[in-house]
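Take a look at this single chain in structure tokens; it is the form predicted alone.
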Amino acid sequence: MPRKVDSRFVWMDGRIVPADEARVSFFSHAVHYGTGVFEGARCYDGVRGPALFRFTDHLQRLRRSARGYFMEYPWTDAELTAATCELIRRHGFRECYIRPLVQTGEGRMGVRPRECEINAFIAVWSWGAYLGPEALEKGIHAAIVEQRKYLPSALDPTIKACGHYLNSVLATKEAAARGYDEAILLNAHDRVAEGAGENVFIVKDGTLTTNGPEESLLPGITRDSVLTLAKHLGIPVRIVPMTVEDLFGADEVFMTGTAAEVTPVGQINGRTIGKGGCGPVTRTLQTNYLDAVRGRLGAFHHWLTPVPEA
């Protein structure tokens, strides 16, 4: 079957190999039980050339996530960064999506991983607007789905683990079956948790509101970037629990994530939010975010790791 992404090389356990040779054993623990952790990062072509956006933060979270599942890998963050830059150069990309992944590999079979090796991978590929080319401008239609976000007492939502995303897979399937672009999950307390792969923000009377990790969400790096930009721009910010009524009564709603960037939500469950489309606060934050990732905001150059020329 033809590959659906334009990735020709993969970094695997310390070496770059053709993508067709980056294989995982059937007996890998991750294949059977989902014991892998991953990151999604981006490289943007900015005013100073291609640069990785907040890659240090992504790699720090990758290591925290791996340790949450008792996986230690020997490669330093500097080595993983160098490997990523080499992959980007080999592909000739100016912009791309970056997927580091660490998994529990082959060992003794059983639910408890024993004598298992730890494998690490990095892949890069072209990826434009995750929710469609018009999403950033016109907004998406989201559904509040029946699928609930798991309790923090069951699985730590701050760990970005492969198996955790089965929750999101079911949510996206449900939303798509109902004709929507994306899902919004509630938590066990009937409050807003997050999107299937994004954090949720609302704007009401000029104030920006989002929820905290205790509401069963992964605190995204894009989320943190938007909060930092909002404070930089003087936009009032609140971090409090959010209800369904808060969503429907908002002037604006948007979602954030590495893939989704800053995507407005024009409708939820068929109800128009505010005036629909991309509201003024969302537009301001979206514009500043896209300026920051491409190096057009000097105050945030520290978020960028340049990709050196060969």
Ligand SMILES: Cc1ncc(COP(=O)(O)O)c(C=O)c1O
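These figures come from a predicted structure and were not determined experimentally. The first residue of the shown sequence is 1; numbering continues from there.
From this point on, the text means the form predicted in complex with this ligand, which you will not see here.
Residue contact check for Trp125: none of its heavy atoms lie within 4.5 Å of this ligand in the predicted bound form.
Mapping the unseen interface onto this chain, Gly220 counts among the residues with a heavy atom inside 4.5 Å of this ligand in the predicted bound form. Looking at Pro50, you'd find every heavy atom of it more than 4.5 angstroms from this ligand in the predicted bound form. Under a 4.5 angstroms non-hydrogen atom cutoff, this ligand in the predicted bound form lacks Pro264 among its neighbouring residues. The contact residue chosen from Ala196, Val102, Ile202, Ala142 relative to this ligand in the predicted bound form is Ala196, the criterion being a non-hydrogen atom within 4.5 angstroms. Although the partner is absent from the chain shown here, Arg61, Tyr165 and Gly257 each have a heavy atom within 4.5 Å of this ligand in the predicted bound form. Contact with this ligand in the predicted bound form, judged as any non-hydrogen atom within 4.5 angstroms, is confined among 249 to 257, 66 to 74, 276 to 284, 28 to 36 to 249 to 257.
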